[in-house]
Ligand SMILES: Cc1ncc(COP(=O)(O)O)c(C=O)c1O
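Just the one chain here, the form predicted on its own, laid out as structure tokens.
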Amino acid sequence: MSSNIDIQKFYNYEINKNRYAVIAQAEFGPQILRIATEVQELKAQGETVYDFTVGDFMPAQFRIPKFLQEKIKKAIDDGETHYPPGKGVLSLRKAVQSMYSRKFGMDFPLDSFVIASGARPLLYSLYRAVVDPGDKVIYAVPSWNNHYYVHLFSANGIAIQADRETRFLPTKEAIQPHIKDATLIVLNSPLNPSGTVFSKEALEGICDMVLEENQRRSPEQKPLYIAYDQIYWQITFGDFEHYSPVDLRPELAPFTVLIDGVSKSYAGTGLRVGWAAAPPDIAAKMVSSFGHSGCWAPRAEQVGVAEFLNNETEVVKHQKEFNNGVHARLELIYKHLNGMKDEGFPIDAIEPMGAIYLSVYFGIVGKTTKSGRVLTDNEEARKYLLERTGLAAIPFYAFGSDKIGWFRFSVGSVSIKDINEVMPKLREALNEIEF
């Protein structure tokens, strides 16, 4: 019997950029995933790591709703395993339509709703539908991956550096100088990475500005669109509320695409079910993109999610338990950090408002440890905290921000016990730095 052919030997060629398309030559992977991969390697080596990195949920901490799990299993048993319709399974589109009517008081036509395998394909297909090479796309940083989408579509990205004073969210005043001839403004609230939300007044200002700009443009000009990522909208705390452009200014509906899904509010990152509420003509163009990329959500998951969303009792039960668990973790970290701040350590944190994140500032960049190690930049500060305490977090530079010392803490993978264990270690590590 002949031996197998060793294919690897045929891959021993010199790699050069001419093998790739021009756009692929400049592509670069997300910094978040690079850091997360490093963390996973440490865990595989048996190291103790307190993982505040990826915006995901470990089942040991947060599971999808049991009712949803059962309905997905039933859909598989019932044979719901063939191709779904391009727009999405009708029952799910109707369920989302009904939920938005109940929760927001907004009655979208059914043709506004499209289903995809998570929020990312929706954002990608929206770019594909409205952004041409060279078009101006405005977004604030820190934010999730906007600069990659701009690169993929050869757009002219305008990154607005936001800061603590504005909750790391863009303002009307910051956007206004760039709005002329812009095609798309990308907004996210509650915000990844900061865990902050737009105030009603701040978002109203941006909405009115977009309305005025579109009134100024002629019918021959492309309008100014808003991509509004509200994937975390069901996770808000205390008196902080979620607002969307369309519920504040319904006349923005022809220019706004709401992006949403099960990934965050229902801990279903691996289910890959997302949806958009868009102007029907834009929705149709987005669906055309799905047809070529095949990024439909799995049919059984769509059927199960529809059953879940239509059961308001189960949704409310899950949301209460889930939000309480997320909030308890964020508040505990916030309490520990404020205690260290009161002791005089150079720490700051923003009160938890929404999502699964906390914005944390460590004033250690440029400082020297008592052993002589210089923490020259954010990356060195990150490595020091990881090596000294096992605490893994994501610096804001991974989200395009130039703000020194700010980190994102994500709580989807940690327990209350983990937080109480790592915080004293963090205090010890800070105590070893010369301030």
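Predicted model, so just to flag it, every value in this text is computed and none were measured. Start at 1 and count along the sequence shown; that's the residue number.
Form predicted together with the named molecule: not shown, discussed below.
Novice: Should residue 329 be counted as a contact of the named molecule in the model of the complex, where contact means heavy atoms within 4.5 Å?
Specialist: Close contact is absent here: in the model of the complex, residue 329 is far from the named molecule, nothing within 4.5 Å, heavy atoms only.
Novice: Mark residue 118 yes when one of its heavy atoms lies within 4.5 Å of a heavy atom of the named molecule in the model of the complex, and no otherwise.
Specialist: Contact check for residue 118: yes, within 4.5 Å of the named molecule in the model of the complex.
Novice: Would you check, heavy atoms only and a 4.5 Å threshold, whether residue 359 touches the named molecule in the model of the complex?
Specialist: Outside the cut-off, so no.
Novice: Examine residue 283 and determine whether its closest non-hydrogen atom to the named molecule in the model of the complex is within 4.5 angstroms.
Specialist: Taking the distances in the model of the complex, the answer for residue 283 is no, it never comes within 4.5 Å of the named molecule.
Novice: Just one of 263, 244, 125, 112 has a heavy atom within 4.5 Å of the named molecule in the model of the complex. Which one?
Specialist: Of the candidates 263, 244, 125, 112, 263 is the one lying within 4.5 Å of the named molecule in the model of the complex.
Novice: Would you kindly say which of 255, 232, 100, 308 lies with a heavy atom within 4.5 Å of the named molecule in the model of the complex?
Specialist: The option sitting close enough to the partner is 232.
Novice: Where does the named molecule sit in the model of the complex: which of 330-338, 201-209, 264-272, 245-253, heavy atoms within 4.5 Å?
Specialist: It is 264-272 that comes within 4.5 Å of the partner.
Novice: Taking the named molecule as it sits in the model of the complex, which residues of 391-430 have a non-hydrogen atom within 4.5 Å of it? Please list them.
Specialist: Heavy-atom contacts to the named molecule in the model of the complex: nothing from 391-430.
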